[in-house]
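Just one chain is shown here, as structure tokens, and it is the form predicted on its own.
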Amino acid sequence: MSNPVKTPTLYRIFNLCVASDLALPLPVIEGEPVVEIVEGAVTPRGAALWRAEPPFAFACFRDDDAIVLDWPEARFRVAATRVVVDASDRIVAAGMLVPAVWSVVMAARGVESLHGCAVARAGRAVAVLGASGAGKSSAGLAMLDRDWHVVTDDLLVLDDAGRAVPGPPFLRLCTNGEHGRAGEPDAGGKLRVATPGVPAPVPLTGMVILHDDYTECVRLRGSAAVAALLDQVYAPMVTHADQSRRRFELAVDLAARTAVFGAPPRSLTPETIERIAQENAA
């Protein structure tokens, strides 16, 4: 007797309909998929683009028209319309797909991503950018108690109009329990806490970059804002043609249309986020 053919499940990832052989912690939808996620063998080969040694072992290669991402836990062959997953633990692989692998999918589709969390209320969004541990997700969590919604966490994707595109409906928080929220642990060692989502992209009224360079919350303008935004691209390696140009154009566009601030890590209060949203509303 032949084995039954497995039907992929359709999910929404940053407004893309995706057919996946892996179960993903994402909304299930109906539609016509534009990206497929399949299981198969992935060989780390091609032109080496990036390599990091343990304890954060990782390598990245360009293999013909695809990018190969190689971690000890899983390997992915990424192109604009297809991702091949090679992993013994499907749950771990699913957790790595969003956000880490998906930033490369977006780059293959001509879209650059930033490392940030965005929250929205009344049609206005504020994005909080920064390195892991800077307090992005914690700032987002604090806004939930003020009737704000999470647009996206960790991976910030913007559309052509500079609006924050809805990502997965959860926050990724440290597992130290200080936030007092229940959730599911993910492959990255974070706690995945479900949150209310938003149905459509939301205009940004402000962006706050959490970094040790700042001793207080200050407005950044001109080249200072552009440079600070360029430092917040999600992945540092250049994997696709014209990617450096696209990143620069994104930073220039955001600095021109959105109020950009710098603040110390873990310093952002709900009152500051609400003030930025109010004072910079169009």
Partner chain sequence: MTYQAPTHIHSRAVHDELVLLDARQDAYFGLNPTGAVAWSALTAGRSPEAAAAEISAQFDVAPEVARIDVAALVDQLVARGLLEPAGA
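These numbers come from a predicted model, not from an experiment. Numbering follows the first chain given and starts at 1.
We do not show the form predicted in complex with its partner chain, though everything after this point is about it.
You can rule out all but one of 252-260, 32-40, 56-64, 210-218: in the model of the complex, only 252-260 has residues with a heavy atom within 4.5 Å of its partner chain.
Although the partner is absent from the chain shown here, none of 106, 110 and 125 has a heavy atom within 4.5 Å of its partner chain in the model of the complex.
Out of the listed residues 48, 52, 238, 28, 238 is the one that sits within 4.5 Å of its partner chain in the model of the complex by at least one heavy atom. Proximity of residue 226 to its partner chain in the model of the complex falls within the 4.5 Å heavy atom cutoff.
Counting a residue when any of its non-hydrogen atoms is within 4.5 Å of its partner chain in the model of the complex, the hits in 224-248 run 224, 226, 230, 238, 244, 245, 247, 248.
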